[in-house]
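A single chain comes next, written as structure tokens; it is the form predicted on its own.
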């Protein structure tokens, strides 16, 4: 049975109560919520108050429309979560150095796990991304998108969902920090391609040590490119959205 919402700021209480039920697993992913009438009665709120609370949960991605009227419990879209957290990072004034320090710790760790745990499909995905990258080296935005996709694939292959959530926002913000890099330092794109090839090969060979060494080299190379370009590594990074079209 759902607890009653307090009358003051009831819509916020509605969102908190239902979020708690979802997080605790009492409301299951994919489960349809009761009708608005039943939910409002269970929570002890009016239907307008209930709708405000439900709207907040829709925005957060915890529920979605399953039909014309019914709402369904859902998991937030990973890209939406990454963008939200990247915005939060940007608002803290995070700069290149802050993100690079995180990358130097998390990325070698992630690729070491990937070398142990990657499935055949996940390994093939890495090779597919390398092939795509080789065909788009003249397109700076595409190079950056492929770089983010490659590192995302590594995180997923590590079979640790917490790692995916930790690394994705950094990748989103680094996209903004890297938009002008390859135009300024053209050789950087070729070094990136070589690193991705070596990393994919090491993961496929289950060679965690070589994978980690190449990833460390890759991340250090990234910093060198930033230095050669003359960019300010202490300046806050302004979040800019990726364009996929």
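Just so we're clear, the structure is a prediction, and the values are computed from it rather than from any experiment. We call the rigid core whatever largest set of C-alpha positions still superposes within 1.5 Å between the two forms. Residue numbers count along the first chain shown, from 1.
In what follows, reference is made to the form predicted in complex with a further copy of the same chain, a form of this protein that is not presented.
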Of 137, 153, 130, 113, the only residue with a heavy atom within 4.5 Å of a further copy of the same chain in the predicted complex is 113
Taking 4.5 angstroms as the cut-off for heavy atoms, does residue 201 touch a further copy of the same chain in the predicted complex? no
Considering non-hydrogen atoms and a 4.5 Å limit, does a further copy of the same chain approach residue 60 in the predicted complex? yes
Quick check on residue 75: any heavy atom within 4.5 Å of a further copy of the same chain in the predicted complex? yes
Residue 92 within 4.5 Å of a further copy of the same chain in the predicted complex, heavy atoms: yes
Would you check whether a further copy of the same chain, in the predicted complex, lies within 4.5 angstroms of a non-hydrogen atom from each of 121, 174 and 232? no
Using a 4.5 Å heavy atom cut-off, indicate which stretch of 201 to 209, 38 to 46, 52 to 60, 185 to 193 touches a further copy of the same chain in the predicted complex. 52 to 60
Residue by residue through 80 to 105, which ones have a non-hydrogen atom no more than 4.5 angstroms from a further copy of the same chain in the predicted complex? 81, 84, 85, 87, 88, 89, 91, 92, 94, 98, 99, 101, 102, 105
With both forms fit on the core, has residue 51 moved 2 Å or more by CA between the shown form and the other one? yes
After fitting the core, residue 17 CA displacement of 2 Å or more between the shown form and the other one: yes
